[in-house]
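Just one chain follows, in the form predicted alone, and it is written as structure tokens.
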Amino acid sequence: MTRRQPLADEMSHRDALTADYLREMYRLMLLGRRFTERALELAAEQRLPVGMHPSAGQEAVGVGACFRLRPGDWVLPSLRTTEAFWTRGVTVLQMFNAIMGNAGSVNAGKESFHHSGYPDLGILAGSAIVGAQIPQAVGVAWAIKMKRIDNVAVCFFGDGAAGRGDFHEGLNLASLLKVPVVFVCENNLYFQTVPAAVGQPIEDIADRAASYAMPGQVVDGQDVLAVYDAVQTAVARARAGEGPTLLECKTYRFLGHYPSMLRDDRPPEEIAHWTKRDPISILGRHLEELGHQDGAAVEAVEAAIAKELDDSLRECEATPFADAKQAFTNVYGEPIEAMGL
């Protein structure tokens, strides 16, 4: 059955978070918001060569789910899981290089920033096919199990992917093999431009977990600590050999599906309701209540992020595009010279 509230043992996870950890969660979410805003400015100036799916409003999911994962764990991000990259250690410069597709990017400009992989940081490059990362995550988790190590795979996907065959096949196989994988559905309530109710007959995707004999839970995706609690519990289960978990983080994208889509048919009152539950503001208020952060501290974080963005973008823009020959590297199993190309 779907668990809708955190269990008592889950609360102990957030209790272990120090003031420094909480402030770092806040910084990571704020960094994600400011990076998105800067990238959208570049897009408006027609300086951005790749499209992006803004993560504004959904920052708590990527940060909460990836925070304090181990170096040997694997993460498979989705379109709007930009914050997973920050949380796993990807730098602002690396992200700018990836989004601009220059020679300094991780794969010499052949990847879009949300489909890029950083194996040394435990991030597996995502597929451009919606939902394809779900069975891929099962394969990663199966490899972990075969190696007899206690690492885990955390797989992110949107609510639309939950209606594809990849989702059902992936969860079915994960349960059969009892592999260490945590499925994190970022349910922002919309299939691109239409309400999710148009494409799914149930209210909670987490209810589908029971069909595959795994725990399922609806999580407040605007509360980074709720996400952290739920994922840490699921990760502990996975490390203990108890198999997969399905978590559905209810969240909301504050911006349109895609920058070029100027029309937004979502009800204004709905947008207003969700923007009042800004995940950055929720954690910010919590930090203030605990006496861990004040206005001056927030200004200092904002200033540091602004400087990092400015410096990184300046270095990124000074980096040339990759040589055209680089398009053939890391693509084929043998050198192109051997193939006569």
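Note that the structure is a prediction, hence the values are computed from the model and not measured. Each residue number is its position in the shown sequence, starting from 1.
FYI, the form predicted together with a further copy of the same chain isn't displayed, but the following is about it.
Checked against a further copy of the same chain in the model of the complex, the residues P267, P71, G241, G165 give one hit for a heavy atom within 4.5 Å, which is G165. Considering a further copy of the same chain in the model of the complex, the lone stretch of 229-237, 215-223, 174-182, 80-88 in range is 174-182 [heavy atom distance within 4.5 Å].
Mapping the unseen interface onto this chain, R208 counts among the residues with a heavy atom inside 4.5 Å of a further copy of the same chain in the model of the complex. At a distance threshold of 4.5 angstroms between non-hydrogen atoms, D150 is out of contact with a further copy of the same chain in the model of the complex. G256 falls outside the set of residues with a heavy atom inside 4.5 Å of a further copy of the same chain in the model of the complex. With contact defined as any non-hydrogen atom lying within 4.5 angstroms of a further copy of the same chain in the model of the complex, the contacting residues in 185-220 are A197, V198, G199, Q200, P201, I202, R208, A210, S211, Y212, A213, given in sequence order.
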